[in-house]
Structure formats: C-alpha cells, structure tokens
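The chain that follows stands alone, in the form predicted on its own, written as structure tokens.
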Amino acid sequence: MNPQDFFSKKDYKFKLPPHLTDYQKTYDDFNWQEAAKEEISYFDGGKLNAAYNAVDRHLQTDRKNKKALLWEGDKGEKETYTFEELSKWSNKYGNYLKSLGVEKGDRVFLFLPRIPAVYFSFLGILKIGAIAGTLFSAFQEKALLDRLENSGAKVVITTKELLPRLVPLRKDLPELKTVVVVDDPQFLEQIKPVSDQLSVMPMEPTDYAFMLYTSGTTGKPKGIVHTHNAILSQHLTAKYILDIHNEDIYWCTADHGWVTGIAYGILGSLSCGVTSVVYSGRFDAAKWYEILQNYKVTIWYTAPTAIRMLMAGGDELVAKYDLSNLRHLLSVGEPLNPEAIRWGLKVYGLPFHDTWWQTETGSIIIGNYPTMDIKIGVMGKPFMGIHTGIVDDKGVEVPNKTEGNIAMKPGWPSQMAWVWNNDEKYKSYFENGWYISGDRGWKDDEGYFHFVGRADDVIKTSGERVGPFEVESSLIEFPGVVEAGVIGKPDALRGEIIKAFVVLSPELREKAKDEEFVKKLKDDLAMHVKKNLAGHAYPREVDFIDKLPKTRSGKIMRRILKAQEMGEPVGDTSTLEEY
C-alpha cells in the first residue's frame, strides 16, 4: 500500500481519550444485552421509549440544566434550550397532539425547516407512542402526496411558509385530520396553557417509533420503519464512532428529512448527552467556518459533498478562522474520496473518518474509529455486535479480496422493522439469512471493507468490472476538478464504456470556453486515470457540467445521469437537492 493511502493512529495526539481503545477485543466480547443494561434506561417489563432516553433521563443527572440545543437561524436568530427545556417543550407538543386525538401508532409527519419545533414535535410524538415521519422542506406537492397518502398520516406539522403546498392535497388525503402550523398566532396561543408535564408511554422494543421514505430507481418511495429499540444502536455508535464525550460541542449538518438527521441529529447524539449545534441556513463555506469557530465545535459530522465544496472554497478561507477546538471529523452519505481526507489533514490537521450505513440499517454499520488506523478511501470495519460480510447473489459468503454484496446478519437493534404497507419489498432485502444492502464491495485480510459501488452502478467494460467511485476519486485528484460522476454507457464493442460528468473549478471553467483547451483537458483527465488507476478504467467520454444531481444527503444520483444520457425517464426525483 502506498504510504499516502494510510494514516496511522500510533502517534496520534488525542485531545480526549477515545471511548473505544481496543476495537478487536471490544468487538469479540460485545453483547447487545449487556450493553443495553449499561447504556439505556428501561421501564418495568423491559419496555423503553427512545425519546425518554434521548432527553428525559438526563433530568435525573447533572445534565438537567446543560445546554442541549444551540440553534441559529438563516437570518442570524439564536435560541438555546437546556435538556430540561427540551423535555418540557416536547411534553407540551405531546400533550397538544393527544388533545387532537393522536393515539399510539398514529402517523404524525413533520414538514418543517430546521427549526427547534422539529425537536419539540419529533420527541413529543415518540413520547406518546405515535410514529414520527419526516419530510424535507423542499418537497413539492407530488412528493408530499406520495408519502402522506401511503403512510395514512393523521397529522402534519408545518409552517406558514410551507402550508400552501399542503392545502391542495387535503382533498386527496382523507386520513389527514389536522395540519398544525407552528408559527401561526392561533397555535402559539393554544400551546401556551398546555401542560409541560407528560407521562411518557412505555413502549415495547419492537413498537414503531419513526419512518422515512427513500427513493429507488423505479416505483414510488418506500416507507422504512424503525422501532424504539433503534435508540440502542444509535446511542452506542454515537458513543464509540462519533466518540461523543460530555464536554463536546457537536455539529451534525444533516437535515431531519434524512436518517442521519434523526439518528445522529436527534436520538443517538442527545442520548449521549451532548450539546448540539443546529443551523437552519443553506451551505456557505464562510458561514460554516464561522459556526465551527463561534460555537467552538469539537465534533463535526458532515457529508463528502460539503467537504468537496469546502475544498473548492480554497485553503486560504480556512486560515481566516480559529478551528482549534475541532478534535474529531466524520463523514456520511456516500464514500469519502481519498483526496478529501488528505485535504482535511492538510487544512484542519485532522482526518475525516468515513462511515457507511443506510436508511434501512438505522445506524452506522461500518466505520473508521477514532483509534483505528485509516486506510484512506476505505470504509473501515463493522460495528460491534453486527456480523458483516461479503456474499454472492445467492447469499453465500465469499473469500476475502473477492467482490460481492455487502451484507449483514439480521438482528441488530436499529435494523428496519418493515417497509410500510409493502411486505414484498421488505422480504426482498433478505437472502439466505443475510440482509443484502445493494452496495458492492470486498473485504481485505485485515478486516477492512472496501466500497465498489451500488450494485446497479458497477460498470462492466471489455470484460472488466469497474466501480464508479474509484474512477470519480481518481478524477477528483486532478487539479481543478471539484466533483465527478461516472456511469457506464452502452457500447456495441465493449459492452459499456466509462463516461464521466465533471464539475470544474471557476478558474478551469473559464478556460474551458476554449475548444482546444477542452479537448486537451479531456485527454489529460483520461491519461490521469489511466496512470493512477488502471488502463481500462479511464473515461472514454467526458462532459463538463455545472452541477451533479445529488440527494440532500450528498449522494450522487448516477441513475439520473444515465437516464439523461440515454434519453430515458429519470424516475422519482423527490429527494434530490434543490438547484
């Protein structure tokens, strides 16, 4: 292995001693039941409530008056809430929803921007035994209708600004009884006298707690349902992978419409008792650095897309801010390109730690731990208590260094419990006693997992299999390339050829107005990949574009690039980021 592709933790200077010191011993000795006794609060009869664990149990400790949320709005507004205040506000919302007739198992959806009411309502819903659903505030009418209709939502919580998108849908949603507008003067008057005391409903570990809709290549979005027991996986991964300590200031940049915003923006992080920063504005490199500096953020969990956008902002911008409080950086949403890790080491003096998981898994499955050596560009190792392997299409485990499907043995606490109203789809995830993730990879002899690509994205060219991620990573290492998306394009001779869609820096974009420069740049990019990756893995076609189609979690939507290239329907685009 090239030395630049390895980052040793042997002499790494930790600002705080990591919770996990010996990965292999902890993995070998780990037991979910024992961990649950030590980390999670239960009611009589083995019942629990995820929201109680996230907030209310801290009221019995010295965290009662500790700051839980540091919120900043897109216009500079600021609000702060202690754990006790967060508990009382969520109690108010829970009681208010009960007054509307919301009962155990009812679906209550949040159609909200990133404001404190997200936390009040989400936690309040779980406290009374209802099921919380989250929606991106950018959703338009069709996306809203699909999700609210399929889930049979009884209540939607929204704002005055977003309300007009819901109004035309009411006639098509007979099960939707009430729309709550949290910034409407009428609601604000109604919530004032509501009691801030609430008896939290004890739930069976298998009772449903929240659901999110994910978009596939075909068909309507599917509702992935998680249980109250998911809090155990979320808490432990937040403790051991995010390495949350009591004194940390933590910023997870994910929206609550995405599973990361729930698992590590609300439940797992709050359960660890951390003070969380919440910012409602859109991405702006200077503003993000200002938040990191002003709030003295110590743990930062963000997406590779954001990291690449910060890279495009230049090293000079970083130097204008005091980021000395940062101690642990992580990324999620798609594989983290090696160049982004090297850049993080250069400008922050810290490596980004990649994590891999899915909406369906409910918590981090594979990651790079604080004390673990990093093979740059590699997924890492599985979390404790989760048997992870590489299997063929029949669910049979394959030898090390053999590409196959990334899979897990079912049974970890945050595994999805159901696909709402779709047993057939739920069953399709499992094969021969394995949960099949839909991602392909391989495992090396040291137990590290390597990502290849989504099963549908892997390119077969001239008899060779090529993962789009490794080609994209190679392209990004070329000076002036900000982002890249790679697809396989049908070809009569080779089966498929590799086609790349490349976003250039402003400087190169200006130069690319010249046809001769464009021709040479395409040749240079192809030669760069040939030289640094493989002779067969270079793009034979390159298009320069302004933006890549991505989900709000930052995942490149290669299927959309391919559909557009082939002139085919692009399918569901409701989870795409705004352009």
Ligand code: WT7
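Numbering starts at 1 and follows the sequence shown. Here the structure is a predicted model, which means the values were calculated and not measured.
Quick note: we don't show the form predicted together with this ligand, though the next part is all about it.
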Could you tell me which of 188 to 196, 447 to 455, 144 to 152, 423 to 431 sits within 4.5 Å of this ligand in the model of the complex, going by non-hydrogen atoms?
447 to 455
Taking Thr260, Asp354 and Gln358 as the candidate spot, are all three within 4.5 angstroms of this ligand in the model of the complex by heavy atoms?
yes
Listed residue (Val332, Ile241, Ile266, Val486) with a non-hydrogen atom within 4.5 angstroms of this ligand in the model of the complex:
Val332
This ligand: the contacting residue among Asn325, Thr371, Thr82, Thr214 in the model of the complex [heavy atom, 4.5 Å]:
Thr214
Asp439: touches this ligand in the model of the complex, heavy atom cutoff 4.5 angstroms:
yes
Met379: heavy atom within 4.5 Å of this ligand in the model of the complex?
yes
